[in-house]
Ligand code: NAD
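The chain that follows stands alone, in the form predicted alone, written as structure tokens.
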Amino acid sequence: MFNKVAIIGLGLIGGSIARMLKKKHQSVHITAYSRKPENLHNAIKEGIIDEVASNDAIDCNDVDLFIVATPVLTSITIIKSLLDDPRLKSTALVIDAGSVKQSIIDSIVDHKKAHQFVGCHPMAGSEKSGYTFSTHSILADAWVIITPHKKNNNADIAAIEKFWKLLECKIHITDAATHDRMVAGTSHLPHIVSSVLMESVFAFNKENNPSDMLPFIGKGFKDMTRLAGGSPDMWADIVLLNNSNIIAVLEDYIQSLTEVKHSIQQASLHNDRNVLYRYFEEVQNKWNKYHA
């Protein structure tokens, strides 16, 4: 197991990894790196990490595992710098936690140390951001997608799989292209839909003050728009780097919206409730299969 770990970006995911890792492997030495290291002293007081330093002063000496948990564009820069560092041990591994995989792999796959990077994506999180909101429970029983590339070897992939299992995660291994296509629909589209819903409802009620809407907002609206509170820094990178898959799934979504709009218009025109019933019944059947 990795005895000296560096986590770059001790936010929601990085902090949750640190919490669970310290719980499971108390003797591990964790150094956290941040753009604002002064904000992480509570993590030391809590015993979650052992040292804290700035992103500008990353020390590769004797580190067994680097975990890069920053927005994707920043992660690419950091991963390249780690692989370029002559102090990086030949046995050290670098993983990330980003929601886009192909762009990262493409950026490093020709590097002479590319085999030391293994792409990872814990399917966990919250609309909240920052170490303050990190918790053990975020990772427990969550899926982690591992996306090996052609330079990786089986022993390193197995070591990373063992690491995530230590943190009580479930593992799925696939290629980066499949990962990016799947999460465009299951993760990226929901965030965009949540954002657009928030924007469109306020536009529809533009003559009202936001406070006027409060009595009309129930749990459904809060559930549907929760994701819109996510980090703009993180989501701008995700959408930029997975744009082709996101545009493709958006096209399907727009088509679905057009079809349901047509169904509503037809039901209204012919006073035919069955048109709407059949639509919602079909969707419910799909929901039942997914949640079975």
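Since we're looking at a predicted model, the values are computed, not measured. When you see a residue number, it is the position in the sequence shown, counting from 1.
Same protein, other form: the form predicted in complex with ligand NAD, not shown, and the subject of what follows.
None of the heavy atoms of residue 105 is located within 4.5 Å of ligand NAD in the predicted bound form. Contact annotation: residue 55 falls within 4.5 Å of ligand NAD in the predicted bound form, judged by heavy atom distances. At the 4.5 Å threshold, heavy atoms of residue 13 reach ligand NAD in the predicted bound form. Proximity of residue 195 to ligand NAD in the predicted bound form falls outside the 4.5 Å heavy atom cutoff. Heavy atoms within 4.5 Å of ligand NAD in the predicted bound form are found in one stretch of 144 to 152, 116 to 124, 168 to 176, 203 to 211, which is 116 to 124. Distance criterion of 4.5 Å from any heavy atom to ligand NAD in the predicted bound form singles out 72 from the list 94, 160, 184, 72. This chain is drawn without ligand NAD; in the predicted bound form, the residue among 65, 241, 234, 48 with a heavy atom within 4.5 Å of it is 234. Taking ligand NAD as it sits in the predicted bound form, the stretch 18 to 46 comes within 4.5 angstroms of it through a non-hydrogen atom at just one residue, 35.
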